[in-house]
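Below, in structure tokens: the form predicted alone, a single chain.
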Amino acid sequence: MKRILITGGAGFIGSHLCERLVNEGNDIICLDNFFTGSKDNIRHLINNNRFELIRHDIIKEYFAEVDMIYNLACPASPVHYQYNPIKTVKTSVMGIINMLGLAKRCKARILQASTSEVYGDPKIHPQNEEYKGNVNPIGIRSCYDEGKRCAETLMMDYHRQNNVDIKIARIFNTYGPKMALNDGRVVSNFILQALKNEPVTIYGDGSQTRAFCYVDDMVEALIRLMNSENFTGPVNLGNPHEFTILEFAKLIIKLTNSNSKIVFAPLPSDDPIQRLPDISLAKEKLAWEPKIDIETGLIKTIQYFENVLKTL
């Protein structure tokens, strides 16, 4: 049994991680400021004596005795991280400084939830961990991209200078139940529009590509990375099966039996054209690759959104 701190624990991935680690018998401290997280995501855990929920913003210091820290705190969708870009940078940079300080004091192992966004609009395809990225440092997405890149820098510097035990996960597009309705990401947008028989909106011509990893697979990868030895990362975690956005929209319309039509809108600034992980390193070091196929995962996600819409 470990005492584990999960920042952003009431968020999408964080809440699934809390549930999994509680069920495995660990003591969990869930820290969240509820900017994008929701109590509904972890409500079923609140009466569990191995689970503790604390409202806290990691921009401010936090003190506890813990064995492990999963740092997932940061808005991850463009709608949310562009709403208050300065706050986004502070969360990524000041937040990780505080968590690394805690890890140093406690001699705790810390995992940073980084992102595929560190690669920007990539010039190589698929992206491996050696690729340094093609990021616009002054664009509307840079608060998130550069914040996460700086967080990786701080992780490595604390590791080299202070011997902090670190893990860096570069998370690619993840989907599943507990995604926020208003997060503006392609999976939730398409599913909600299709369920309501509204036009499904594609930004650009739909030829841009993405790969989608089901949340249970992602949680498994994060836990394997945290429990790995003699490996800091960074490591790509995601699904290596590529879809064009147009193909993806058509698949969701089919799975929802929707009457929706596809409409096109201008592509936002700095939106990457291709995004696909090379997960060779994850296979080698973690013996991990996604197990849940896209249709199975989407059906579970669609059922979740159907149930949410019934309560509105």
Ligand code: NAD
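Start at 1 with the first residue shown and count on from there. It should be emphasised that the depicted structure is a prediction, and the values quoted were computed from it without experimental measurement.
This protein has a second form, the form predicted together with nicotinamide-adenine-dinucleotide, left out of what is shown; the following refers to that one.
This chain is displayed without nicotinamide-adenine-dinucleotide, yet in the predicted complex the stretch 57-65 from 281-289, 43-51, 251-259, 57-65 comes within 4.5 Å of it by heavy atoms.
I13 belongs to the set of residues with a heavy atom inside 4.5 Å of nicotinamide-adenine-dinucleotide in the predicted complex.
In the predicted complex, none of the heavy atoms of S142 sits within 4.5 Å of a heavy atom of nicotinamide-adenine-dinucleotide. In the predicted complex, nicotinamide-adenine-dinucleotide sits within 4.5 Å of a heavy atom of T174. At a distance threshold of 4.5 angstroms between non-hydrogen atoms, P75 is in contact with nicotinamide-adenine-dinucleotide in the predicted complex.
Across the proposed site, T36, T91 and A113 without exception bring a heavy atom within 4.5 Å of nicotinamide-adenine-dinucleotide in the predicted complex. Shown without its partner, this chain lists R185, R224, H159, R109 as candidates; in the predicted complex, only R185 has a non-hydrogen atom within 4.5 angstroms of nicotinamide-adenine-dinucleotide.
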